[in-house]
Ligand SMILES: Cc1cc2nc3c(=O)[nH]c(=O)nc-3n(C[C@H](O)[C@H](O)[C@H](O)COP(=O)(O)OP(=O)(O)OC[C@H]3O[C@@H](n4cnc5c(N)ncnc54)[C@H](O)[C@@H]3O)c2cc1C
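Only one chain comes next, encoded as structure tokens, the form predicted alone.
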């Protein structure tokens, strides 16, 4: 007998959908509640490191991810300026192991669709436009009240509802994401033929300019600037700001800049960081993914860490016969130190740039995290 037979998941991002897939595969009755009215996903592209690809293989979607995305094994460094001189091409660490590429770029809505399709295939049910308004729990289960007024009882409630998690707040956890001082413009644009991997340009008018191919035809491009209030800008103004910020960068950026228009899905977000430093559960309610931790995308570990949360939690729930303190102790022992180290390193990389530190050991830090996440969670 497994620890749970009926589970409610709040949120349909990587963490929530991954947990739904694994639990439903294991015979658990799973309902996923998503506040958004449909599967639409904001944003343009996502960079997936090898350990994320290893998770997707465990979820049964790696072949579809590979088909829809753009895998590569090299990270390029270019100098700012009109010539965009190539400084180095560095083999990227294969953190998923030899069976996967080091990195893959992907259109974020495609990833959301693939994961949701897989969850539905194995029996999870999705309820869009609905979320958990409140809950009460006892030693044996959780009674939830939904935003449509209906109710239900579950053995476990998983809060995977993102940065501004309602479940985290309802648990009384006061940790909130904090801005790190950087903001990022992203756009979805046609892929220049000579872009076959991520290139990063450090310095110049902004902290970082870069891009990542997501398919044979498309890619996403980004510039990272000092964080500021950009929310009043119209989409058209956002396009113009991104064009201006990118003028200090040549090479493929010349073609990227010309392709930026209202169809590029230009969007702006601030980098944040947080880790709930103690237990991620209170009784039979637990938070995972960005509800429990967030980090800047400087090491591209957000999706990977969210997926690892789901893998570890599901493994424990399916291998134990009770939801007890022993289960939670093992969950936190396997997830909290690892997620904390990734968040701290991601923040440190950005802070070195903000502080204009010239002698920072960036290769050493990146190597240390690569070695950490190369080991399965």
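Computed from a predicted structure; not experimentally measured. Positions refer to the first chain, counted from 1.
Just so you know, the form predicted together with the ligand exists too; it's not on screen, but the next bit is about it.
With the partner omitted here, the stretch from 203-211, 226-234, 124-132, 279-287 that lies within 4.5 Å of the ligand by heavy atoms in the predicted complex is 124-132. In the predicted complex, the ligand lies within 4.5 Å of some heavy atom of residue 297. Interface membership of residue 78, defined by any non-hydrogen atom within 4.5 Å of the ligand in the predicted complex, is ruled out. Of the heavy atoms in residue 314, none are within 4.5 Å of the ligand in the predicted complex. At least one heavy atom of residue 304 is located within 4.5 Å of the ligand in the predicted complex. Think of it this way: in the predicted complex, the ligand has a heavy atom of just one of 318, 327, 345, 35 within 4.5 Å, and the residue is 35. Of the listed positions (154, 100, 253, 220), a single one reaches within 4.5 angstroms of the ligand by any non-hydrogen atom in the predicted complex, namely 220. Heavy atoms of every residue among 14, 47 and 160 are located within 4.5 Å of the ligand in the predicted complex.
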